[in-house]
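One chain is shown next in C-alpha coordinates, namely the form predicted on its own.
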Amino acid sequence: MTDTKSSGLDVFAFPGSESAANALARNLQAPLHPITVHRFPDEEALVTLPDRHDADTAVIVCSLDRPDAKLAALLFAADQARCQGINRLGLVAPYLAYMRQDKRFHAGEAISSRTFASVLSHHFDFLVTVDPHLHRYSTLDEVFTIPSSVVSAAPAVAEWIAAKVERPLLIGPDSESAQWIEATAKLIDAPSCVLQKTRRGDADVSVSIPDIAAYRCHTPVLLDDIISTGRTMAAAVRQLVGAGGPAPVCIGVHAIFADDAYRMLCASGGGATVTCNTIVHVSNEIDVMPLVAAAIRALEQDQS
(Lines give C-alpha, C1' and ligand atoms only; values in the text may rest on other atoms or scores of the structure.)
Protein backbone atom coordinates (compact mmCIF):
# COMPACT_ATOMS: atom_id res chain seq x y z
CA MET A 1 0.00 0.00 0.00
CA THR A 2 1.45 3.38 -1.01
CA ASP A 3 1.66 6.05 1.68
CA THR A 4 0.17 9.25 0.26
CA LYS A 5 0.35 12.74 1.67
CA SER A 6 -2.74 14.89 2.24
CA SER A 7 -3.25 18.20 0.45
CA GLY A 8 -3.30 20.13 3.75
CA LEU A 9 -0.58 22.15 5.42
CA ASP A 10 1.55 21.30 8.45
CA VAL A 11 3.29 23.74 10.76
CA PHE A 12 6.76 23.05 12.18
CA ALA A 13 7.97 24.99 15.21
CA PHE A 14 11.67 25.87 15.31
CA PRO A 15 13.05 26.12 18.88
CA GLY A 16 12.41 29.59 20.27
CA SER A 17 9.42 30.21 17.99
CA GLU A 18 7.02 27.74 19.59
CA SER A 19 4.48 30.31 20.79
CA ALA A 20 4.19 31.96 17.37
CA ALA A 21 3.99 28.56 15.67
CA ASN A 22 1.27 27.45 18.08
CA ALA A 23 -0.77 30.61 17.42
CA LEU A 24 -0.30 30.21 13.66
CA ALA A 25 -1.34 26.55 13.71
CA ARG A 26 -4.50 27.47 15.62
CA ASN A 27 -5.39 30.14 13.07
CA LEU A 28 -4.71 27.78 10.16
CA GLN A 29 -6.35 24.83 11.95
CA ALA A 30 -3.23 22.90 10.99
CA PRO A 31 -1.22 20.18 12.77
CA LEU A 32 1.75 21.47 14.77
CA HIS A 33 5.05 19.56 14.94
CA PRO A 34 8.14 20.37 17.01
CA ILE A 35 11.66 20.63 15.64
CA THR A 36 14.36 19.71 18.13
CA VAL A 37 17.93 21.00 18.00
CA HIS A 38 20.63 19.34 20.09
CA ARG A 39 23.90 21.21 20.51
CA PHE A 40 27.08 19.19 20.83
CA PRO A 41 29.95 20.52 22.98
CA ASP A 42 31.57 22.01 19.87
CA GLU A 43 28.27 23.88 19.10
CA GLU A 44 27.42 21.76 16.05
CA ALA A 45 23.69 21.10 15.75
CA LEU A 46 21.77 17.83 15.47
CA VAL A 47 18.33 18.61 14.06
CA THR A 48 15.40 16.20 14.35
CA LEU A 49 11.90 16.40 12.85
CA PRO A 50 9.02 14.10 13.81
CA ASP A 51 9.04 11.11 11.46
CA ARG A 52 5.32 11.16 10.74
CA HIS A 53 3.33 14.04 9.29
CA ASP A 54 0.61 13.91 6.69
CA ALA A 55 0.74 16.97 4.46
CA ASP A 56 2.85 17.56 1.38
CA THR A 57 2.99 21.29 2.10
CA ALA A 58 4.45 22.74 5.29
CA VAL A 59 5.84 25.89 6.85
CA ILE A 60 8.69 26.18 9.31
CA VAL A 61 8.13 29.00 11.80
CA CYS A 62 11.46 30.54 12.79
CA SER A 63 11.85 34.17 13.78
CA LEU A 64 15.31 35.21 12.65
CA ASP A 65 16.42 37.48 15.45
CA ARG A 66 19.97 36.54 16.53
CA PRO A 67 20.18 34.76 13.16
CA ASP A 68 23.76 33.47 13.20
CA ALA A 69 22.94 30.96 15.95
CA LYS A 70 19.89 29.67 14.03
CA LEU A 71 20.71 29.61 10.34
CA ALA A 72 22.60 26.32 9.99
CA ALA A 73 20.02 24.38 12.02
CA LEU A 74 17.18 25.99 10.07
CA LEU A 75 18.69 24.85 6.76
CA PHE A 76 19.22 21.33 8.13
CA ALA A 77 15.54 21.29 9.16
CA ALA A 78 14.44 22.41 5.70
CA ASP A 79 16.46 19.68 3.98
CA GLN A 80 15.15 17.03 6.37
CA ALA A 81 11.56 18.13 5.70
CA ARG A 82 12.22 17.52 1.99
CA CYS A 83 13.62 14.08 2.79
CA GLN A 84 10.41 13.26 4.64
CA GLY A 85 8.17 14.03 1.68
CA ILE A 86 7.37 17.73 2.02
CA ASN A 87 7.05 18.92 -1.58
CA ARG A 88 6.29 22.58 -0.95
CA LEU A 89 8.06 24.20 2.00
CA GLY A 90 7.58 27.73 3.25
CA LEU A 91 9.46 29.80 5.80
CA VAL A 92 7.47 31.93 8.21
CA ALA A 93 10.05 34.34 9.61
CA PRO A 94 8.01 36.86 11.64
CA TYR A 95 11.25 38.82 12.02
CA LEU A 96 13.57 38.74 9.01
CA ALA A 97 17.23 39.52 9.66
CA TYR A 98 19.99 41.06 7.51
CA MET A 99 17.77 43.43 5.53
CA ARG A 100 19.58 46.58 6.72
CA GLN A 101 22.82 46.01 4.79
CA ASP A 102 21.29 46.72 1.39
CA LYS A 103 24.29 48.55 -0.09
CA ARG A 104 28.04 48.81 0.34
CA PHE A 105 28.43 51.83 2.63
CA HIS A 106 32.23 51.46 2.87
CA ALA A 107 34.78 49.71 0.67
CA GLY A 108 35.05 45.98 1.33
CA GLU A 109 31.68 45.53 3.06
CA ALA A 110 29.57 42.50 2.17
CA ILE A 111 25.99 43.19 1.07
CA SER A 112 24.60 40.65 3.50
CA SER A 113 20.94 41.11 2.57
CA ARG A 114 21.51 39.63 -0.89
CA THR A 115 23.55 36.67 0.36
CA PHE A 116 21.06 35.90 3.13
CA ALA A 117 18.11 36.09 0.73
CA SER A 118 19.91 33.83 -1.77
CA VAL A 119 20.53 31.14 0.85
CA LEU A 120 16.93 31.14 2.07
CA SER A 121 15.58 31.18 -1.49
CA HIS A 122 17.57 28.03 -2.26
CA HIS A 123 16.03 26.05 0.62
CA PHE A 124 12.43 27.30 0.71
CA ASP A 125 9.60 27.68 -1.81
CA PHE A 126 7.97 30.77 -0.29
CA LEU A 127 8.46 33.28 2.51
CA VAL A 128 6.10 35.12 4.84
CA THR A 129 7.42 37.85 7.12
CA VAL A 130 6.17 40.84 9.11
CA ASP A 131 7.29 44.42 8.40
CA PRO A 132 10.85 43.72 7.21
CA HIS A 133 13.32 46.59 7.56
CA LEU A 134 13.33 47.71 3.92
CA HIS A 135 14.97 50.96 2.89
CA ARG A 136 16.53 50.87 -0.57
CA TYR A 137 14.62 47.75 -1.65
CA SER A 138 11.06 48.56 -2.57
CA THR A 139 10.00 44.89 -2.26
CA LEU A 140 11.54 41.60 -1.17
CA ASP A 141 11.34 40.47 -4.80
CA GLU A 142 14.49 42.50 -5.42
CA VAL A 143 16.54 40.03 -3.36
CA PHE A 144 14.44 36.87 -2.97
CA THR A 145 13.83 34.55 -5.92
CA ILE A 146 10.84 32.82 -4.28
CA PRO A 147 7.32 34.18 -3.78
CA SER A 148 7.14 36.31 -0.65
CA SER A 149 4.42 37.98 1.35
CA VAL A 150 5.03 40.98 3.60
CA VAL A 151 2.49 41.24 6.40
CA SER A 152 1.83 44.68 7.86
CA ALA A 153 1.37 44.70 11.62
CA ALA A 154 -0.48 48.04 11.37
CA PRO A 155 -4.03 46.60 11.63
CA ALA A 156 -3.18 44.61 14.76
CA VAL A 157 -1.28 47.54 16.30
CA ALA A 158 -4.12 49.94 15.51
CA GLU A 159 -6.67 47.56 17.04
CA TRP A 160 -4.61 47.33 20.25
CA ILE A 161 -4.23 51.10 20.50
CA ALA A 162 -7.95 51.67 19.92
CA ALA A 163 -8.79 49.22 22.71
CA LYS A 164 -6.15 50.28 25.23
CA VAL A 165 -5.28 53.96 24.77
CA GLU A 166 -7.60 56.91 25.24
CA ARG A 167 -7.15 59.76 22.73
CA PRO A 168 -3.85 58.52 21.26
CA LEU A 169 -1.33 60.70 19.42
CA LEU A 170 0.86 58.44 17.28
CA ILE A 171 4.52 59.47 17.06
CA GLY A 172 7.08 57.95 14.71
CA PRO A 173 10.84 57.82 15.40
CA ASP A 174 12.03 59.48 12.17
CA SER A 175 10.99 60.68 8.74
CA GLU A 176 11.35 57.19 7.26
CA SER A 177 8.54 55.97 9.53
CA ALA A 178 6.07 58.66 8.44
CA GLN A 179 4.18 56.56 5.90
CA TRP A 180 3.74 53.62 8.29
CA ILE A 181 2.73 55.89 11.18
CA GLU A 182 0.19 57.74 9.06
CA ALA A 183 -1.33 54.49 7.80
CA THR A 184 -1.70 53.15 11.35
CA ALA A 185 -3.18 56.43 12.58
CA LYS A 186 -5.67 56.49 9.72
CA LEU A 187 -7.05 53.10 10.77
CA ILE A 188 -8.19 54.55 14.10
CA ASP A 189 -8.69 58.18 13.05
CA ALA A 190 -5.89 59.43 15.33
CA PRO A 191 -3.47 62.35 14.84
CA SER A 192 0.19 61.59 14.12
CA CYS A 193 3.62 63.20 13.78
CA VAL A 194 7.27 62.15 13.54
CA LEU A 195 10.43 62.96 15.50
CA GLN A 196 13.58 64.51 14.12
CA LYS A 197 16.37 62.07 14.96
CA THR A 198 20.14 62.51 14.97
CA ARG A 199 22.18 59.30 15.29
CA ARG A 200 25.88 59.59 16.11
CA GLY A 201 26.41 55.88 16.86
CA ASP A 202 24.55 52.63 17.64
CA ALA A 203 23.73 53.82 21.18
CA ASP A 204 24.13 57.60 20.77
CA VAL A 205 20.87 59.15 19.60
CA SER A 206 19.16 62.49 20.15
CA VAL A 207 15.64 63.47 19.11
CA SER A 208 13.64 66.66 18.85
CA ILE A 209 9.91 66.63 19.50
CA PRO A 210 7.68 68.56 17.09
CA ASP A 211 5.21 71.08 18.46
CA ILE A 212 2.38 69.02 19.92
CA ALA A 213 0.81 71.72 22.09
CA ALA A 214 -2.51 71.18 20.33
CA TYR A 215 -2.57 67.58 21.57
CA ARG A 216 -1.97 68.08 25.30
CA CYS A 217 -5.06 66.05 26.13
CA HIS A 218 -3.82 63.11 24.03
CA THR A 219 -1.67 60.16 25.14
CA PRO A 220 1.58 59.96 23.14
CA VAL A 221 2.09 56.56 21.53
CA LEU A 222 5.65 56.06 20.28
CA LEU A 223 5.74 53.54 17.42
CA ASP A 224 8.71 51.86 15.77
CA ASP A 225 9.15 48.74 13.64
CA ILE A 226 12.22 47.55 15.59
CA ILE A 227 13.18 48.34 19.17
CA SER A 228 16.87 47.45 19.27
CA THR A 229 18.91 49.65 21.62
CA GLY A 230 15.79 51.54 22.68
CA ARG A 231 17.77 54.80 22.81
CA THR A 232 15.54 56.70 20.40
CA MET A 233 12.36 55.82 22.26
CA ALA A 234 13.91 56.47 25.67
CA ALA A 235 15.13 59.90 24.57
CA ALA A 236 11.65 60.75 23.26
CA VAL A 237 9.99 59.48 26.44
CA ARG A 238 12.21 61.66 28.62
CA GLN A 239 11.46 64.75 26.54
CA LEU A 240 7.71 64.12 26.54
CA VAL A 241 7.61 63.44 30.27
CA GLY A 242 9.80 66.48 30.93
CA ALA A 243 7.34 68.64 29.00
CA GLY A 244 4.63 67.68 31.46
CA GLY A 245 2.47 65.56 29.22
CA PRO A 246 0.94 62.12 29.89
CA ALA A 247 3.32 59.17 30.18
CA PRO A 248 3.91 57.86 26.63
CA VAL A 249 3.05 54.33 25.56
CA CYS A 250 5.89 52.63 23.64
CA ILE A 251 5.02 50.11 20.90
CA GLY A 252 7.41 48.15 18.71
CA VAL A 253 6.66 45.51 16.10
CA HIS A 254 9.89 43.56 16.67
CA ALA A 255 11.26 43.19 20.21
CA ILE A 256 15.01 42.93 19.64
CA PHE A 257 15.90 44.72 22.92
CA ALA A 258 19.68 44.36 22.73
CA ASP A 259 21.58 44.16 26.03
CA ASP A 260 19.76 46.23 28.71
CA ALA A 261 17.46 48.04 26.27
CA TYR A 262 14.18 46.84 27.79
CA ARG A 263 15.17 47.72 31.35
CA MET A 264 16.49 51.09 30.22
CA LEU A 265 13.33 51.89 28.27
CA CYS A 266 11.06 50.86 31.16
CA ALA A 267 13.10 53.11 33.48
CA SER A 268 12.82 56.16 31.20
CA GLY A 269 9.51 57.24 32.70
CA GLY A 270 6.99 56.10 30.13
CA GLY A 271 3.87 54.01 30.51
CA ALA A 272 3.43 50.56 29.01
CA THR A 273 5.99 49.06 26.63
CA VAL A 274 4.27 46.68 24.22
CA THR A 275 5.39 44.62 21.22
CA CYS A 276 3.99 42.21 18.66
CA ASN A 277 4.60 38.48 18.99
CA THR A 278 7.13 38.29 16.15
CA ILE A 279 10.00 37.73 18.63
CA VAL A 280 9.30 36.08 21.97
CA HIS A 281 9.53 38.67 24.75
CA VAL A 282 7.79 39.54 28.00
CA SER A 283 6.38 42.67 26.30
CA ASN A 284 4.43 40.69 23.65
CA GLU A 285 0.77 41.77 23.75
CA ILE A 286 -0.19 42.20 20.10
CA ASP A 287 -0.93 39.03 18.15
CA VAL A 288 -0.11 39.27 14.44
CA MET A 289 -0.48 35.55 13.69
CA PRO A 290 -4.05 35.89 12.32
CA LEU A 291 -2.60 38.28 9.71
CA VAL A 292 0.24 35.84 8.96
CA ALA A 293 -2.24 32.98 8.56
CA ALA A 294 -4.27 35.05 6.08
CA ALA A 295 -1.11 35.75 4.06
CA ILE A 296 -0.28 32.04 3.90
CA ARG A 297 -3.79 31.20 2.71
CA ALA A 298 -3.50 33.87 0.01
CA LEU A 299 -0.14 32.49 -1.18
CA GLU A 300 -1.55 28.97 -1.30
CA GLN A 301 -4.56 30.13 -3.33
CA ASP A 302 -2.24 31.91 -5.77
CA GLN A 303 -0.29 28.67 -6.27
CA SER A 304 -3.32 26.41 -6.63
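One-based numbering along the sequence shown. Predicted, not measured: the structure shown is a model, and the values here were computed from it.
Another form exists, predicted together with another copy of the chain; not displayed. Remarks below refer to it.
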Just one of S152, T145, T115, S175 has a heavy atom within 4.5 angstroms of another copy of the chain in the predicted complex, so which one?
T115
Contact residue in the predicted complex, chosen from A162, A72, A183, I212 - any heavy atom within 4.5 Å of another copy of the chain:
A72
Do all of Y262, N284 and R297 end up near another copy of the chain in the predicted complex, with near meaning a heavy atom within 4.5 Å?
no
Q196 near another copy of the chain in the predicted complex, any heavy atom under 4.5 Å?
no
Contact test in the predicted complex: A97 vs another copy of the chain, heavy atoms, 4.5 Å
yes
Looking in the predicted complex, any heavy atom of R136 within 4.5 Å of another copy of the chain?
no
Does the 4.5 Å heavy atom contact test between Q84 and another copy of the chain in the predicted complex come out positive?
yes
Just to confirm the contact call: exactly one of 22-30, 263-271, 61-69, 244-252 touches another copy of the chain in the predicted complex at a 4.5 Å heavy atom cutoff, so which is it?
61-69
Sequence-ordered list of residues in 38-64 near another copy of the chain in the predicted complex, where near means a heavy atom within 4.5 Å:
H38, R39, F40, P41, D42, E43, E44, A45, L46, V47, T48, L49, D51
